[in-house]
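Take a look at this single chain in structure tokens; it is the form predicted alone.
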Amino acid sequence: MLGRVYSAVRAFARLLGSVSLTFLGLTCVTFVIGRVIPIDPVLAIVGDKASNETYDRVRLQLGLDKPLMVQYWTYLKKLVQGDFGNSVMTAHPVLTDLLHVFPATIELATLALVIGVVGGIPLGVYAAVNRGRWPDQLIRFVSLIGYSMPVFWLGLIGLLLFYAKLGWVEGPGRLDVGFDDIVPTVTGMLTVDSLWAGETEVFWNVMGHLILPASILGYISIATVARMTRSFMLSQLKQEYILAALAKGLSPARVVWVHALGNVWVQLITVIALTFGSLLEGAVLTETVFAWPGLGFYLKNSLFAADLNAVLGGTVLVGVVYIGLNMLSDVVYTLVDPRARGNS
């Protein structure tokens, strides 16, 4: 009993230490970025027509006259307290802005991930089973296109075809103007909030706006997940236990979809977690093309407005999400593969 408690405490201490070091490295990188980017935070606040006295006063208020290590320590203390500073663009605390825009990105990235997983895993398995034949070549070709096509180009073509030409989806934005302020904000995700409020008409309007950008991001996710699933499955299909299972009379479908796929789930969890993180941070161009008011759209506008606090705050948020996804994947490992519990 005491041995188990000691092992659990030791594992938790290792996890806490790893997370702390990762967070420290993340804050250090973002702080350096804030000093390397050719943006003067003082000019962003006072404007280029301000007097020298005003410029110097604001510079002192921001603490930019102090040594870099002192500035970093002040920056770190504020981050731990949830203080990202105020946004020059909105005049609101950056944390308030991030909490307002991030649910829209989660909504977009989650649907894109579902599309990527539901489409990518079966395609990857089917490609591995048919290695070297035309289905494998076709799936690899489609995946290659997903890697190669610029996402902004796909977004513009999608809007031109499915919105302007065919009228199958709603246009840019997150919601038609006529539905504004109908649904009370609970989670910030309009699909969830509209269903929670029983406003099905609002829900379908949101889905009409959401489906196209999510499908484009989902297609890119399919390319990633299918490629990695194929690679993992090819490694498993060469193992001796596959031949043994077939020799015992098990159906090829059961051997592939239960035994072989079951042994690659731990690896796929990592791929799925990293894919979700990349969707959260990489939706800048997609959100810009579709005027989707999420984190990417907010960061783009902040960068053009020289709003350094907002840019760094969004960067830290994405980094924290990556840390959280890695921790979550570690937990899921132990649920999917009991062998991982003995190694923790």
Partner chain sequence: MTMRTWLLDPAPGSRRQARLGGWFRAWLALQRNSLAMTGLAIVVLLLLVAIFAPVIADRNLAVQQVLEDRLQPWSWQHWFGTDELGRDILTRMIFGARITLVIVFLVSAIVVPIGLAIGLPAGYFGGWIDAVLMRITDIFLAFPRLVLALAFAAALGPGIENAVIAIALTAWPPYARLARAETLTRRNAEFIQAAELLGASHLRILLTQILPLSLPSVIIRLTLDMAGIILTAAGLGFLGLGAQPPSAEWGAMVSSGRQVLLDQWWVATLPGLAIFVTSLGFNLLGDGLRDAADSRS
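Since we're looking at a predicted model, the values are computed, not measured. Numbering follows the first chain given and starts at 1.
The same protein has a further form, the form predicted in complex with the partner chain, not shown here; the description that follows concerns it.
Using a 4.5 Å cut-off to the partner chain in the predicted complex, each of L144, L308 and V311 places a heavy atom inside that distance. Heavy atoms within 4.5 Å of the partner chain in the predicted complex are found in exactly one of 107 to 115, 250 to 258, 146 to 154, 233 to 241, that being 146 to 154. Contact annotation: of the candidates A50, V58, L26, L64, the single residue with a non-hydrogen atom within 4.5 angstroms of the partner chain in the predicted complex is L26.
Only one of A91, V186, V80, L160 lies close to the partner chain in the predicted complex, with a heavy atom inside 4.5 Å, and it is L160. The closest non-hydrogen atom of L99 lies beyond 4.5 Å of the partner chain in the predicted complex. The partner chain is not shown here, but in the predicted complex it comes within 4.5 Å of a heavy atom of G319.
Taking the partner from the other structure, the partner chain in the predicted complex has no heavy atom within 4.5 Å of any heavy atom of L166. Under a 4.5 angstroms non-hydrogen atom cutoff, the partner chain in the predicted complex has T315 among its neighbouring residues. Contacts of stretch 290 to 304 with the partner chain in the predicted complex, defined by any heavy atom lying within 4.5 Å, are made by L299, K300, L303, F304, listed in sequence order.
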